[in-house]
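The chain below stands alone, shown as structure tokens; this is the form predicted alone.
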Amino acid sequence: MNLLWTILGSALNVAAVVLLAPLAEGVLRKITARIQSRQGPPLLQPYYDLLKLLGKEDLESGECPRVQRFAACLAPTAILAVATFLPMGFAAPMHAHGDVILLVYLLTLVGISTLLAGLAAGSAYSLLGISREMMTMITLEPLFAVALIAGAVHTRSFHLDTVLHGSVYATPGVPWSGFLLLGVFLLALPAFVQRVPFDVAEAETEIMEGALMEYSGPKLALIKFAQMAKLVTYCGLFVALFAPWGSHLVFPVGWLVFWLKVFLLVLLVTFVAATHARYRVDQAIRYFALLLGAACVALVLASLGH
């Protein structure tokens, strides 16, 4: 019975991300256009874009086509694997088969796939894009690790079903570390999902989408889908860590409440993207460094029981 639930729950989480990630992208595009006094594309345009790319010829113009293919498959595989470890309105299906450390590795793989894509392309623009991506990863990716470790410190456990349940607030008295991490992650969320003003690794008007410049057809569709899935999956991680309330409700009520909170976070990312200009890479790195410093302070407070 446990094995059957693991399979069915994982399939439901993956199917939800596959079906709803392009919709979240469409909401982001449409609301961004409205805020900027434009008509904007249809709400379902991301679905059409992905289908069009999947139907195109699979051209390979990079220096290492095998690595290009591997990177294109790694990106969606890693982000969908993360989805199976998340409590999306019900208990995480794969919580018994992994822990916090595995989740950190899977999140890191998503960024590594972008680095591999740029290295395989070998063009000047792609190499510049992955240099920016690498600087971003060094200062930004540790933030989620810090939050997960802080939750593990509070609960004295690395089990995902314990940590991904508002564990950053699991302290007696006032959870100062939890409130500090909440503020840090609200400020960092647009950066985690690589949206304006923190899309410095792509920067279409500057470096022609950076690491993705040499991609086309089905491989580009896979990477574009991974970016869409990253938006909803990281928002889901945020909900699990900081706003798990309602997850105890019976299915499908708890499931609907979860996705409502995810789309509220998508609206927050949309508002930031529509009202801010892109940061320069040095500005973004300084911003991430400040957030990392604040997150480390929160981790110290968590270790002290605050």
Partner chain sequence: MSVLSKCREALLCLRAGRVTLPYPAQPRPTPPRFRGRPIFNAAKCIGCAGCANNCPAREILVVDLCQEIRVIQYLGRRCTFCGRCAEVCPEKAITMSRDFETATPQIRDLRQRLDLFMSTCQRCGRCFQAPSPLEQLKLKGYRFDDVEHERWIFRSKAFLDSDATVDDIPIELD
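Small disclaimer: the values here were computed from a predicted structure and weren't measured. Positions refer to the first chain, counted from 1.
This next part talks about the form predicted together with the partner chain, which is not shown.
Asker: Identify whether the partner chain in the predicted complex is within 4.5 Å of every residue in the set 66, 69 and 224, based on non-hydrogen atoms.
Answerer: Negative, none of the three is within 4.5 Å.
Asker: With the partner removed from view, which of 31-39, 45-53, 233-241, 255-263 is the stretch that lies within 4.5 Å of the partner chain in the predicted complex, judged by heavy atom distances?
Answerer: Partner-contacting stretch among the options: 31-39.
Asker: Residue-level contact is defined here as any heavy atom of the residue lying within 4.5 Å of the partner chain in the predicted complex; does residue 248 satisfy this criterion?
Answerer: Residue 248: no contact with the partner chain in the predicted complex.
Asker: Heavy atom within 4.5 Å of the partner chain in the predicted complex: which residues of 271-290 meet that condition, in order?
Answerer: 271, 275, 276 sit within 4.5 Å of the partner.
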